[in-house]
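Structure 1 and structure 2 below are two forms of the same protein chain, each written out on its own as structure tokens.
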Structure 1
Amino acid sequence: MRRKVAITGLGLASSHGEGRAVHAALLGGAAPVLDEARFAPYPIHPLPPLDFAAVIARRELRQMETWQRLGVYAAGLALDDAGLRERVAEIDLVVAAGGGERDWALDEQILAAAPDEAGRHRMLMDGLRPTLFLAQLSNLLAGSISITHNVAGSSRTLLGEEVAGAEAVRVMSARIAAGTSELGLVGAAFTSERLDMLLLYAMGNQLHRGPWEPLPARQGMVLGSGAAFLTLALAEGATAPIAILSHIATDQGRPEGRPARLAALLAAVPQRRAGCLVISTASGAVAPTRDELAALGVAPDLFSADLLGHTVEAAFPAGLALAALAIAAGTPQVLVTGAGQWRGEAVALLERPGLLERTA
């Protein structure tokens, strides 16, 4: 029999601020925090002022990019929220992460010069700082969390945009359910204030242009700066579980197969009850958002990207964190769905602790 897994701590940082209270208030309806001028015509949900230096040692802070700082900060919030500072040596870590920030000035030179392949190679070799190659390593976030917070268990980093965030939670949950891990810390971070990411998505015609609009009206992504980390543990014996992660599943394949994969994932969700709250982590990219909403068949109660912006790797963990906050506020059951801008689908079901036993 599969052991039940509980979410025991939440670490959230977004354009609204940090912590449980700030984000729980969003469930009752809140206006988004936006910057529509700095990267016009593309609006973003910007990073708020956070005191990174209060958490991260100066020598480490200097070596981290903003997305790493944000992830380390949110991981610390989750550890504090779960009261696990005395047990960090026992905690296993799974992180979803993208690449590090690029040398924007060099990118601009290459775009202006439009060289052939050999010319691009020469410009990159001559222009890149050797340390930038280290900054590109995605597993530096996990390393920075381990160094800053003394998390001493195993460590794994997954790449793959939105589905990496969902798969990170699925892997950590499966390990706890199987008994190969007792305590887990899992999550991701993303910052929208990166010219390289905005350029990448804009060139793919994936960004919303002009004044902000809510989902599903808009025709593109509005990126958000944010980080979401969860602590997971065996439900039995957990001191104060926030929510039971009773089901999580992921899939991925070619974009044209997305509707069928989403339908199959939703059909496999167990014990979905009438009145179940639905949180969609839809990105706003046209095709995956259309497919996700069509598979649901009903309008979701909440689009996490409307509140936080689309946080890519952190999008699904952030949706789970909002769902856990809804459970803590008294909602019996929450379904969280997601489909990646390019590929990858996920669903998860959260339950109020004790609900399954009372209704069995």
Structure 2
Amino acid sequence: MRRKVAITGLGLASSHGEGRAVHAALLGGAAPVLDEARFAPYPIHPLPPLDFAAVIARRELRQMETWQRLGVYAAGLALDDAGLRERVAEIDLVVAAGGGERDWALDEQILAAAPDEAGRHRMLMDGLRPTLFLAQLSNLLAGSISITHNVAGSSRTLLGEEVAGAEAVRVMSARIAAGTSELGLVGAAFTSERLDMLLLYAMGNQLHRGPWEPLPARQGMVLGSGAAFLTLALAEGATAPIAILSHIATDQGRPEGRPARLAALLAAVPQRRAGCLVISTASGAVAPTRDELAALGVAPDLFSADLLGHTVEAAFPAGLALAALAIAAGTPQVLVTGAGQWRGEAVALLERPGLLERTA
């Protein structure tokens, strides 16, 4: 027997700022916060100043770069929002991650010097800060969350761009539904102000060039800095559930099968009610975005990437967080969809607590 899972806390940080109120105000549509100059021709949604030092001890801050700091910060927001600080020892953690920042200045020094292989290794040995490795390792966002916030249940990190963010939520939700976990913290962080990430996605021809345009008009991704963490718990007994995660499903396969997989995922979503809001976490990458919109049939009410920029691993969790905010604002039901820039598809349905129980 599957148990119902509730979203009980939200930790959101983006170019607009942090917290529930700032992001709830975006739901009616809002102008993006942009930096179109720094990485031109690629516009990005930059991170505003956040007071990382207020929540992360100085000796810990030194071992992280922005990606980890942002994630640790947003995870803390979620724990506070859910009022779970006293129960961190029993919380299970699932993080979707890419990796941490490189030392771009050192990279450029090496590129400029063009040394032979041994010379390159010498420059790396002399130039790399020992602690930078710990800031880069993918699983150390989760490690830093455990260290900073004392989250001490299990800890898992999934790789794999957008769909890893959705799969992380699905895995955590399935554990709670099956009774193998009582409390979960799940999410991801992404920083767009990163030359190494721009390089990777530019190699794939996946970046939108030129002035910002709304998602349906884009020819590629406009990246955004942001993090989204959710706390999940059993719906029954949750003191202040924000939304019920009544359905989440993911799939993946070769690109040519994407339209069929999206159609199947959407067909398996429980019945949508009148007034169901649709939030798409489409990346802006051309083919997957086209397939996602075609599968939906009607235009989504909201593209999270219009508001936040595309936040890769954090995109689906951020879409769920925006959906939970919409539920909190009175929307009865929200469908969240997403198709990864390269692979992977996901759908989720959120409902107002209480609504479900009355009709069940």
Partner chain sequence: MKTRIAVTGIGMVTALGFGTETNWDALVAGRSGVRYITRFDTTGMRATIAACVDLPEDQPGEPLSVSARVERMGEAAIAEALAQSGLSAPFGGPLSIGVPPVEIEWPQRSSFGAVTYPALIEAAQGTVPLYEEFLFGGAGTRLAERFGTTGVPQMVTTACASGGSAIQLAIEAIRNGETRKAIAAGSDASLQPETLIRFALLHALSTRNDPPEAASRPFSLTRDGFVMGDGAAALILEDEEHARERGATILGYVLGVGEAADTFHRTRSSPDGLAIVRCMERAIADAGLSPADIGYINAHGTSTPENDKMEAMAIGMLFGEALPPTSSTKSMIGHTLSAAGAIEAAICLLALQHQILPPTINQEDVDTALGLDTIPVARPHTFRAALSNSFGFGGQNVSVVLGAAD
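Values in this document were obtained by computation on a predicted structure and should not be read as measured data. Every residue number counts along structure 1's sequence, beginning with 1. By rigid core we mean the largest C-alpha set that fits within 1.5 Å across both forms.
> 1 or 2: which is the form predicted on its own?
Comparing the pair, one sees that structure 1 is the form predicted on its own and the remaining one is not.
> Superposing on the rigid core, is the Cα displacement of residue 123 between structure 1 and structure 2 2 Å or more?
Residue 123 C-alpha, core-superposed: shift of 2 Å or more.
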